[in-house]
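Below you will find one chain, with nothing else, as structure tokens; this is the form predicted on its own, and questions on how it binds or moves follow later.
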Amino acid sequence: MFEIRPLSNALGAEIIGLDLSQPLDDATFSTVHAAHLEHMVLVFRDQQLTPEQHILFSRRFGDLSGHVFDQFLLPGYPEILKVSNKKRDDGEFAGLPQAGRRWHSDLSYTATPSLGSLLYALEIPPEGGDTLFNNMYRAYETLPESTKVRLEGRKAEYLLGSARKYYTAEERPPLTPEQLAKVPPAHHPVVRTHPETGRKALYVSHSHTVRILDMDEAESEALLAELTEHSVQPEFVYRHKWRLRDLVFWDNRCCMHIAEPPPPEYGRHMHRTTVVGDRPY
């Protein structure tokens, strides 16, 4: 038996008493799946996972994707992205050092964005480096009706490179021509319908939304600023304080997240898998 304990009024729940190193039977998986749809962010504490076990659990939710920064994929395991501020012997970062410094939804800049991400903490700092998650259902539902009408049928452009100004070249290396070719601009609804719950959620972010289509630049920028500011109000947010061996699984279709950088004197090393989603509508 295991327990599902909500972590905040906004979103998030802890799954207590489940060992993910062991295969889940169908009934257990069905309960976990339902909890993920309800709470959007699931936290599994004290997990002892090999890369194979991390991948196996992730694949229960769908196919897995790699990442455009393929130099940071775990050797032998292209499904796993290393997120790390640690340095190798040659002075290069062991993984993508500054992932998610601005609010975003993973892979929203691709034609088929992510269903969800599963991040596993192998080394964490003694303080700092929290990850915050927000509830984009509530962000949409609490908009003024006039704004909902204004957004109806609107699409926006999403682009990976739009977040580059927030990083140094060392933290976020330039994309090669081959990598750039994999992530052309994508167009998605500003409000998307979750394919499993049928609920509507805002789908714009600081990091990857460039502009709202068919709107002049000034109006687009003002509206995007208004929407993103509205969506990250404290009552919509859960702050996750990492513990060693946490596995956190979030739904990219209805929540965003932001990773606070750890103190520079401390290392943080994590493995992330990404479940392939579907084209937003």
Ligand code: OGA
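Everything numeric here is computed off the predicted structure, so don't read it as measured data. The numbering used is simple: start at 1 and walk along the sequence shown.
This protein has a second form, the form predicted in complex with the ligand, left out of what is shown; the following refers to that one.
- The contact residue chosen from A13, L20, A259, A10 relative to the ligand in the predicted bound form is A259, the criterion being a non-hydrogen atom within 4.5 angstroms.
- Among the residues I80, A156, A201, V83, the one placing a heavy atom within 4.5 Å of the ligand in the predicted bound form is V83.
- The stretch that touches the ligand in the predicted bound form, counting heavy atoms within 4.5 Å, is 97-105, out of 174-182, 71-79, 97-105, 143-151.
- Interface residue remark: A139 is not counted as part of the site for the ligand in the predicted bound form, having no heavy atom within 4.5 Å.
- Interface membership of S207, defined by any non-hydrogen atom within 4.5 Å of the ligand in the predicted bound form, is ruled out.
- Shown alone here, F57 lies farther than 4.5 Å from the ligand in the predicted bound form, counting heavy atoms only.
- Taking the partner from the other structure, the ligand in the predicted bound form has no heavy atom within 4.5 Å of any heavy atom of F249.
- For the partner-free chain shown, R268, R272 of 267-281 come within 4.5 angstroms of the ligand in the predicted bound form, judged by any non-hydrogen atom.
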